[in-house]
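The chain below stands alone, shown as structure tokens; this is the form predicted on its own.
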């Protein structure tokens, strides 16, 4: 797909209003110091100059959702028996995520391998994913902590987006990536954008060249088995960690959850809510045993999942998009890129770790 569209800045709100007639539209809204994706309103303060504090994963994988409801009733002819009626909550609406950063859009591809393309797809995730159009926004600048180019991405990565939007003089170039994206730019507010292609590409390249690589070695990080298994390394690296879980909740690629049933007398609901491997109770067993009893055990698992276990299972793809949120917003400034870099500082034997403990 090479057809390009162009949206004038003065037509942005009208374009979003048009989208909102057919879909639920989420846009990055600035509320004091926090930018988050919220439902579009005509007076929304849309923020495009910095990435949202909270990624738009909440749209397709809500922080809290009802999966099922249960209704109980006694049988009239057998009062000692109870009927249970189960109702699934799967009413998914057409949705547009506007101006997701490329790292956020790519984050959904990490989810896809687990919840959509697996042997047992998650119907709730798949239902929302297929109903959602993602308009990615090529980063106009580099934010603190960003290292997307070091993990195989770029500030203008198209993967995961249906449209890639780039800001140019007077407006935005819209490049359709999928058929869903191509349908969206068939709007009266979208003009031919072919003459802006060169400017868009130059802006994309300029921003890409400003992204710093925090790793000493080029290419994807290769983690040392010796260091990964060294508890003293993790104790020192995580000595200031609060185990607050902010890094996981703000991460576009973290997808752990918990299931609970909330009961009333004659009705109940089954809820899914985000959980985090950094919480002490995440692996707490009913016996009282916890295989990850300390914060360094939990952070070790977090790093191992993103840079070892996930890529081993999914053909070398890292479960980290380098967005930098866990670095920017960590209250005690734990820096995952520095930790991974230290783990990648291998000795002359250059041994690396696989998830089964073997050497590669």
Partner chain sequence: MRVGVFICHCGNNIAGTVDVKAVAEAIRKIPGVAYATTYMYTCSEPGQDEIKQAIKDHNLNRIVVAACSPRMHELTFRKTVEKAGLNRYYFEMANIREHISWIGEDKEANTKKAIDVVKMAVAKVMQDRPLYSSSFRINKRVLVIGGGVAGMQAALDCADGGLEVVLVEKSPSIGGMMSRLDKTFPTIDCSICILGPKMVDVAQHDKIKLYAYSEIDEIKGYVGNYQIKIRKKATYVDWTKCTGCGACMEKCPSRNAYDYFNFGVAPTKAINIPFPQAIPKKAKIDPNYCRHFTKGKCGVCAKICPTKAINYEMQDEIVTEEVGAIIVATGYSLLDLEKLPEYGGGRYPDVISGIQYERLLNASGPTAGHILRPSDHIEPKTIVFVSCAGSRDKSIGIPYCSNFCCMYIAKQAILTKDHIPDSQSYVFYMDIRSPGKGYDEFTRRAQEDYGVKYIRGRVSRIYPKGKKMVVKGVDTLLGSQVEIEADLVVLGTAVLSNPDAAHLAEKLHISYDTFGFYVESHPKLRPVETNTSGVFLAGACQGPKDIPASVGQGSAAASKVLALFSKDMLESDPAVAKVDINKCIGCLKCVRTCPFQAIKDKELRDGRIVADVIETVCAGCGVCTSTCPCGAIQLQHFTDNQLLAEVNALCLA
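Note that this is a predicted model, so its numbers are computed, not measured. Positions refer to the first chain, counted from 1.
Below, we refer to the form predicted together with the partner chain, which is not included among the displayed structures.
- Note on the interface: of 172-180, 259-267, 150-158, 102-110, the segment with non-hydrogen atoms within 4.5 angstroms of the partner chain in the predicted complex is 259-267.
- Contact annotation for residue 209: none of its heavy atoms lies within 4.5 Å of the partner chain in the predicted complex.
- Within this chain, residue 219 is remote from the site of the partner chain in the predicted complex, having no heavy atom within 4.5 Å.
- Among residues of the shown chain, residue 91 is not one whose heavy atoms approach the partner chain to within 4.5 Å in the predicted complex.
- A residue is said to contact a partner when one of its heavy atoms sits within 4.5 Å of a partner heavy atom; residue 131 fails this definition for the partner chain in the predicted complex, lying far away.
- Taking a 4.5 Å heavy atom cutoff to the partner chain in the predicted complex, the contacting residues in 60-93 are 72, 74, 79, 80, 82.
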